[in-house]
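Here you get one chain, nothing else, as structure tokens; it is the form predicted alone.
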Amino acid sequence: MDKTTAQIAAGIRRRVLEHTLKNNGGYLSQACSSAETLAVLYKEIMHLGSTGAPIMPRAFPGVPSPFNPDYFTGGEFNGPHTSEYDRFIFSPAHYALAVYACLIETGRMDEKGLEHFNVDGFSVEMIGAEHSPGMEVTNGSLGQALSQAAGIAYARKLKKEAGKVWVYMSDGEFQIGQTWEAFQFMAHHKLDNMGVFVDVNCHQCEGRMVDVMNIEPLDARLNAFGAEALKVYGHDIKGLLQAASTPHIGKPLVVLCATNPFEGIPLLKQNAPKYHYVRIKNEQEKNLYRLELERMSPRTLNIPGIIRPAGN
């Protein structure tokens, strides 16, 4: 059955929570904040070629080199890179698990591939790299992916290719100088074949963005740097879709997606203000997350280990 965008978003959160429970920790809040944006990008916005069938991730091929004929990137999960198709450049590498879940939910990656997650010798990295599923450049998130995406977009513009370049970023990357240099380049070369979606969850690994290094008003700053920036609610699928069609002649489009780092899993709110990585500390906490998973499941599941509170 072909899934709706909302079903894909729900599936991303559910799969990442399942994985977090299995491993007593994970980058869970990133799935909470990014689920709708990733789902709408893959399902409705990006014009990507088909993979034919879900792909099983391959073993790590070794580092890129003229002497390594086996090297590949994870871009194969986004379909062929021919001129008519869009390209997707993913920047915040620690969101990798959410990307893998999205690829599974959209039929591009074999779900058994998650068994290779963070296992030596495999490409399904915990912190995604250029060979990881859905990724094709070194990212970071250090602003590097945006610079590389701008170079790809510039080359596509010179070659008059029809395909666009879409980028996904986190708001923490706007605390980095290289990001702003990339936007200067994009504005100078009028790269209107670029669209950038930003997860504005207002948190980074050290806590709230405003406490670490304030970047607001981000939309005004981006517009001053020559972008066409607008704000949307990042969990509103219709709003995200409408934002992608905003006119931006001669400018890159930037969609600032205001999100919650605990969206869909309210139990996560207890971690405020540090949502970056969730570590499940004890069996009682694990049980509470099991109950969250049961609530999120599309059908009644027999989830091992659940202890129900009295009266339930």
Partner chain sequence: MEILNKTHAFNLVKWAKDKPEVLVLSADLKSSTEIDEFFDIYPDRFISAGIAEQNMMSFAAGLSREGFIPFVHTFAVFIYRRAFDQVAMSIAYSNLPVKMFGFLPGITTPGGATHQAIEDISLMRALPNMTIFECGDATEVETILDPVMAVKGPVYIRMLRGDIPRLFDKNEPFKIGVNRILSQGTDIVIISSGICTEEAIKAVDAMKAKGLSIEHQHISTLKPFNSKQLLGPISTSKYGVITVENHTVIGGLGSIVSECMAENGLPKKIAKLGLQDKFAHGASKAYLMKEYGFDAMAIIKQTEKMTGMNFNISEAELKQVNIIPMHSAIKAEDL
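Everything numeric here is computed off the predicted structure, so don't read it as measured data. Residue numbers count along the first chain shown, from 1.
The protein also exists as the form predicted in complex with the partner chain; that form is not presented, and the subsequent description refers to it.
A.B. asks: With the distance limit set at 4.5 angstroms and only heavy atoms considered, check whether T4, R15 and T106 all reach the partner chain in the predicted complex.
C.D. replies: Spot residues vs the partner chain: no contact at all.
A.B. asks: Quick one: from N193, S123, T73, S170, grab the residue that has a heavy atom within 4.5 Å of the partner chain in the predicted complex.
C.D. replies: Selected residue: T73.
A.B. asks: State the residue from S65, S245, N282, S50 whose non-hydrogen atoms include one within 4.5 Å of the partner chain in the predicted complex.
C.D. replies: Contact check passes for S65.
A.B. asks: Could you tell me if G207 has a non-hydrogen atom within 4.5 Å of the partner chain in the predicted complex?
C.D. replies: Residue-level check for G207: no, no contact with the partner chain.
A.B. asks: Contact between V137 and the partner chain in the predicted complex at 4.5 Å, heavy atoms?
C.D. replies: V137: yes, in contact with the partner chain in the predicted complex.
A.B. asks: Just to confirm, A229 within 4.5 Å of the partner chain in the predicted complex by heavy atoms?
C.D. replies: A229 lies outside the contact set for the partner chain.
A.B. asks: Do D86 and the partner chain share at least one heavy atom pair within 4.5 Å in the predicted complex?
C.D. replies: No, no contact at 4.5 Å.
A.B. asks: Pick from 195 to 203, 91 to 99, 235 to 243, 125 to 133: which stretch has non-hydrogen atoms within 4.5 Å of the partner chain in the predicted complex?
C.D. replies: Of the stretches listed, the one contacting the partner is 125 to 133.
A.B. asks: Could you list the residues in 178 to 212 that come within 4.5 Å of the partner chain in the predicted complex, counting only heavy atoms and keeping sequence order?
C.D. replies: The stretch touches the partner through Q178, E181, A182, Q184, F185, H189.
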